[in-house]
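One chain is shown next in structure tokens, namely the form predicted alone.
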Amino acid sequence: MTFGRFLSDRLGRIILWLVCFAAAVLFLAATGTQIDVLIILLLILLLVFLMVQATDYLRDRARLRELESILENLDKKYLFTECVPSADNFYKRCLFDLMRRAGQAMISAISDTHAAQRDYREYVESWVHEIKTPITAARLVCRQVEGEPRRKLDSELAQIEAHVERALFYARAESPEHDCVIRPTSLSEIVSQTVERHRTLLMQSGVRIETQGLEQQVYTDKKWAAFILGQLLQNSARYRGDTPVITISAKPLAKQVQLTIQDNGIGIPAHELPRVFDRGFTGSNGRSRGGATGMGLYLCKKMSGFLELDIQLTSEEGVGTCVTLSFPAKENLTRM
């Protein structure tokens, strides 16, 4: 707070003081008071006025700095009103009491919202685990069917499992710290398990997988990294070309490890690239082929942020898409 801003806020009071000074001077002059006495009296009143304003300014500035320091040192800023020391006059105490009551109402609303979100997340996780039982039963029944009907049923069940898994990770992504554990993990193991999990979809889509340089160790959560890779494989299979090939390769880069997923699919229009990680964005390819939710790449981006992965996507329409995941070095991780 500057002194000029302080004075501008008190402009009405200053004008009142000046009017009183002028009235006092006119009154004393009318009663025959000598000019020297009037000048001395005016100087004394002006000095008192300036001292009062300076004292108020210094006190208010110190108070604001104290409040700013309290706010800056708080991890949870919404608790500010609970930590503010008592004011020095009745009006300010009443004002801060109103602010404190408003803050308590907000904290209560936030707590209720968090509780509702936690209950919903727990319900979704419970539902996901329960729905796996009928899916497994349906797969067992599917084995008794032969030919084209079995292939179609396998395909539909694979899509159901993909949607269920996406719902589970979407719920967990709201509080990733409760489910994510970063530790040294074999990159080849992550890739092999992910490819095996999506084997049905890849085979039915006629996709050939090529790998190279996966003998690397990375620091990440194995389950979350596999989910991210799975979403990328599903996208490559969905938007495949005539002879689909997905190349998964890795290479060390300084202290990082870069994992690249390159396909030769239909690609993404250039004007849509800035929005591919937006929540719910399906793009022209998703709308034309149907079934897209716009959540896969959104979840990849969100989970990559928590895992401290750098995810970059490049694509050329009619040529293919390339996604690069950069796994951080151990010393650069903040969640180890």
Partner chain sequence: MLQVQNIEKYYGSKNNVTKALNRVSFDVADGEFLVIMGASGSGKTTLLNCISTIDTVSAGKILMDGEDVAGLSEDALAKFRRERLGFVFQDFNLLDTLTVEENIGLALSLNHADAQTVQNRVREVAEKLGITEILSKFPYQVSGGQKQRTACARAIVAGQSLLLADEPTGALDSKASKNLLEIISTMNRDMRTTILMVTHDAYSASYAGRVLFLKDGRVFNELLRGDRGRSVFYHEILDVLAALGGDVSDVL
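We call the rigid core whatever largest set of C-alpha positions still superposes within 1.5 Å between the two forms. Numbering follows the first chain given and starts at 1. If you're wondering where the values come from, they're calculated on a predicted model, not measured in any experiment.
Keep in mind that the form predicted together with the partner chain is missing from the display, and what follows is about it.
- This chain is displayed alone, yet in the predicted bound form one of S108, Q204, T211, T243 has a heavy atom within 4.5 Å of the partner chain; that residue is S108.
- Here is the short version: of L79, C142, A237, A171, the single residue with a heavy atom within 4.5 Å of the partner chain in the predicted bound form is L79.
- Contact check for D112: a heavy atom falls within 4.5 Å of the partner chain in the predicted bound form.
- Contact check for L58: every heavy atom lies farther than 4.5 Å from the partner chain in the predicted bound form.
- Using a 4.5 angstroms limit between non-hydrogen atoms, S155 is distant from the partner chain in the predicted bound form.
- In the predicted bound form, at least one heavy atom of Q104 sits within 4.5 Å of the partner chain.
- Contact with the partner chain, judged by heavy atoms within 4.5 Å in the predicted bound form, is confined among 126-134, 258-266, 142-150, 82-90 to 82-90.
- The candidate spot formed by L273, R287 and A292 lies out of contact with the partner chain in the predicted bound form, as no residue has a heavy atom within 4.5 Å of it.
- Shown in the overlay between this form and the one not shown, fitted on the rigid core, is a CA shift at S69 of 2 Å or greater.
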